[in-house]
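Starting off, we have a lone chain in the form predicted on its own, written out as structure tokens.
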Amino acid sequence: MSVPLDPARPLTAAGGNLRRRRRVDQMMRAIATAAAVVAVAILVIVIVTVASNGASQLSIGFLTKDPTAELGAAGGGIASAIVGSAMIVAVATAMALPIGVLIAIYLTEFSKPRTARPIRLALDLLNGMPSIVIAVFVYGLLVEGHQQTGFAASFALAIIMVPLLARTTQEMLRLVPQELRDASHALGINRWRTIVGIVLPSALGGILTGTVLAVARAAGETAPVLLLSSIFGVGTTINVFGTALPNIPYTIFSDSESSFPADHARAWGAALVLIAFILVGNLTARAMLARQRRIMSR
């Protein structure tokens, strides 16, 4: 005996499925929104905490004077740490930038997919490598049996910066229209002159953006400078190759470990300076990247 079909049942089932999908969609949106709010809240809490504890230390003297030689003494600044960090990051950038750009040029313009795939994998693995592992490697390579130097810290930071520079530059080179390359080749210009004269200038804004991001990341790395250039400097020096250089991360570490309130206050002030530099660097890089994308999309 056959059961007559109810024409209203399929519509009812479809309506129930639609309502369930909407509930699941709303729930997932709420979870994603909550996760985003938590991430922003953590950043705000960190910035507010550091700013509230370190703002009282900010002054012209704090940025232009060296630390006092006496532990726990009030006054003094972090000028030597600022100069040391700037020198270490500058030398690291000078080493990492050409290597990163050349890797990106090879991956974009010369390599075949069979060879590009393992290189990109190696860059991704190197980008995710813990900085303490890189610091230990450089310590065994350059410092063990010798003294700490600013160059050793720069070398470690350069290793950290290379994959970020390479992948950022590669993405920017991919945005350069293929028609520009084809037109250059049609005029009889060889590949290297095309890359140097047309492709790189077109992607220059993106390359600078990646450089700013890499510099901001390197400036905040702590493990390399703690192992390779850990010195509390009461005098400013730019001798990168001959001695360890004072730097902001080590200044924060050493002052925070002190038992004197004046040193703790200086650590908060140094942390605020470092966070401000990283935030400005990241915001600048994002603004430059957005501008480059607008130019490339025209």
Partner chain sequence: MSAMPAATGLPTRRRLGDRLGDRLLLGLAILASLTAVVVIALIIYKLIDGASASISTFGLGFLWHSTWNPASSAGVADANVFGAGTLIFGTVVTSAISLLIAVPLGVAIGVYLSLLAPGRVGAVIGPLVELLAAIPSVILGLWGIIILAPVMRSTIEPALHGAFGFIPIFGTPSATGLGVFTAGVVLAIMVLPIIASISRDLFLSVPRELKDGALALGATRWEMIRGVVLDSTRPGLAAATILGLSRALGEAIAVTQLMGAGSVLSKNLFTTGDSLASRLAEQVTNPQSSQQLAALFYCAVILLAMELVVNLAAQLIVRHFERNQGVLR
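Each form is matched to the other, and the largest set of C-alpha atoms that superpose within 1.5 Å is called the rigid core. Numbering follows the first chain given and starts at 1. Since we're looking at a predicted model, the values are computed, not measured.
Heads up, the form predicted together with its partner chain isn't pictured, but that's what we're talking about next.
From the list 204-212, 81-89, 171-179, 101-109, the contact stretch for its partner chain in the predicted complex under a 4.5 Å heavy atom rule is 101-109. The three residues 65, 93 and 287 each lack any heavy atom within 4.5 Å of its partner chain in the predicted complex. Put simply, residue 186 is far from its partner chain in the predicted complex: not one heavy atom of it is within 4.5 Å. The closest heavy atom approach of residue 59 to its partner chain in the predicted complex falls outside 4.5 Å. Within this chain, residue 190 lines the site of its partner chain in the predicted complex, having a heavy atom no more than 4.5 Å away. For the chain shown alone, residue 267 is a contact residue for its partner chain in the predicted complex, at least one non-hydrogen atom being within 4.5 angstroms. Taking its partner chain as it sits in the predicted complex, the stretch 249-269 comes within 4.5 angstroms of it through a non-hydrogen atom at 249, 252, 253, 256, 257, 264, 267, 268. Fitting the two forms on the rigid core leaves the C-alpha of residue 258 displaced by at least 2 angstroms between this form and the one not shown. Once the rigid core is used as the reference frame, the Cα position of residue 283 differs between this form and the one not shown by less than 2 Å. If you fit the rigid core between this form and the one not shown, you'll see the Cα of residue 36 move by 2 angstroms or more.
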